[in-house]
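Next up is one chain by itself, shown in structure tokens, the form predicted alone.
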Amino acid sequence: MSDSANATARIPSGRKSLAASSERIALGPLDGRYFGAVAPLVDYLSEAALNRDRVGVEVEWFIHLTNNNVLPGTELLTAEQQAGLRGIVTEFDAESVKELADIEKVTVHDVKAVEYFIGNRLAALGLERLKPLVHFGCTSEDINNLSYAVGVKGAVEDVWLPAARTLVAKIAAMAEENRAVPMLSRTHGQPATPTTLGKELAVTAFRLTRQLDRIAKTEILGKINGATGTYAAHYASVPTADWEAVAKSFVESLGLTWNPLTTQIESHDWQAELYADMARFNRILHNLCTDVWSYISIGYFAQVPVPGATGSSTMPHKVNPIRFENAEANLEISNALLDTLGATLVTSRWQRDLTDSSSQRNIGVAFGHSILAINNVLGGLGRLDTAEAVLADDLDHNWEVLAEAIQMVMRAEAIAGVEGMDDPYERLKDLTRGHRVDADRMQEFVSGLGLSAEAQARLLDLTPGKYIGIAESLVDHLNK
């Protein structure tokens, strides 16, 4: 054998650098392959959105101080001046992002760059004299905590919650459609008391709805109280102002809840609470994915093929449940980040360290993987057909699940005084444990028990498909 044949195969050296491409190539999947699914988050949780929100908070603080005559020597702004200031925010675009980045190269400080960015525009509004009012009394975290709060609030309310609610509505609709479709339960993976497919889907919809309600009610806190949360610089410069009242009214004007007690940073507890609830939603959704995947594997659901799609590179017959598998992976990645954020953000050394700064830059990534999973599950559910014949056949092969019903009827009969109802559990165990029991064998057993006529007739009429209790009507709890 030649040396070339023995050589280890490897990718040739001397490849062109993809990083040197004239077009920026995404490093991660959310900014590349899956960008279309997560693009709405860019307006809330990207670096550019954070900077726009920083500009917005600084502008509103400027206007708030003048509107309330907090500092001697300031005057009320004209309507045109206020509109001009707010226009800095509404007109914030790609050129603004570049300009801000150029300023930051000099300041080597992102929030200071925002201050200069705004200050450079005041002369055109006739406000050059009030340039010192920009960022007045603020530490960087006063601006950052409010900007993140505004961005996260918008992302939750405008992007994540609508997507999650659409998905839950789809699950609830499937529960309604399948409310009366009997299905064999499996506890510990073994055949168990039947239910309906709709009732099982309703359980998931109910669980997810509870988490959405918690998330929607999240109290989002903010603060603007200086370098260590004492208003020291505020009172040193303007001792006559009621700075707590000024701060409270400003934070509340942004649609946030005022936090009166902080160090240099707002403590981020609300973020940890929110991310814990989102992670719990993700975990419940992950449970749905694994259940649906399993139901597909045993034929309870048939997948509707996508025209032209390939399920396997070598096996033409396959229609893989890739939507649910993709969702599982993305939910796990999202939760890894959400859990880390929740654990990291509630801790800060003494009055301030910067671990939160680096951590919070990944909020959008955590949201993005969750949104991607939600979209995948929604798409996967939309291509499922319930295989009712398969569900019915599975029930018909598991008559032993009626053992529970027969045992309970025997107990009730014994209490009512019917003779010969001793040891019902043991008698059914001998009949069913480790054995498959068909309809004839089960009915023969029931007929020989000596039940009252009414009880015997009731049991002889019972089939696995009818043994579903009130499963069908339990779906109605989704509408309460």
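From a predicted model like this one, the values you see are computed outputs, not experimental measurements. The first residue of the shown sequence is 1; numbering continues from there.
The form predicted together with a small molecule is left out here; the points below concern that form.
A.B. asks: What stretch, of 166-174, 198-206, 140-148, 364-372, brings heavy atoms to within 4.5 Å of the small molecule in the model of the complex?
C.D. replies: In short, 140-148.
A.B. asks: Does H234 reach the small molecule in the model of the complex, with heavy atoms at most 4.5 Å apart?
C.D. replies: It does not: once the small molecule is placed as it appears in the model of the complex, H234 has no heavy atom within 4.5 Å of it.
A.B. asks: Looking at the partner-bound form in the model of the complex, is T187 within 4.5 Å of the small molecule by any heavy atom?
C.D. replies: Although the small molecule is absent here, T187 would stay clear of it in the model of the complex, with no heavy atoms inside 4.5 Å.
A.B. asks: Looking in the model of the complex, any heavy atom of S297 within 4.5 Å of the small molecule?
C.D. replies: Outside the cut-off, so no.
A.B. asks: Does the small molecule come within 4.5 Å of any heavy atom of T240 in the model of the complex?
C.D. replies: Outside the cut-off, so no.
A.B. asks: T193, N326, Q303, Q264: which sits within 4.5 Å of the small molecule in the model of the complex by any heavy atom?
C.D. replies: Of T193, N326, Q303, Q264, the residue with a heavy atom within 4.5 Å of the small molecule in the model of the complex is Q264.
A.B. asks: Looking at E157, E400, E104, D394, which is the one with a non-hydrogen atom within 4.5 Å of the small molecule in the model of the complex?
C.D. replies: Of the candidates E157, E400, E104, D394, E104 is the one lying within 4.5 Å of the small molecule in the model of the complex.
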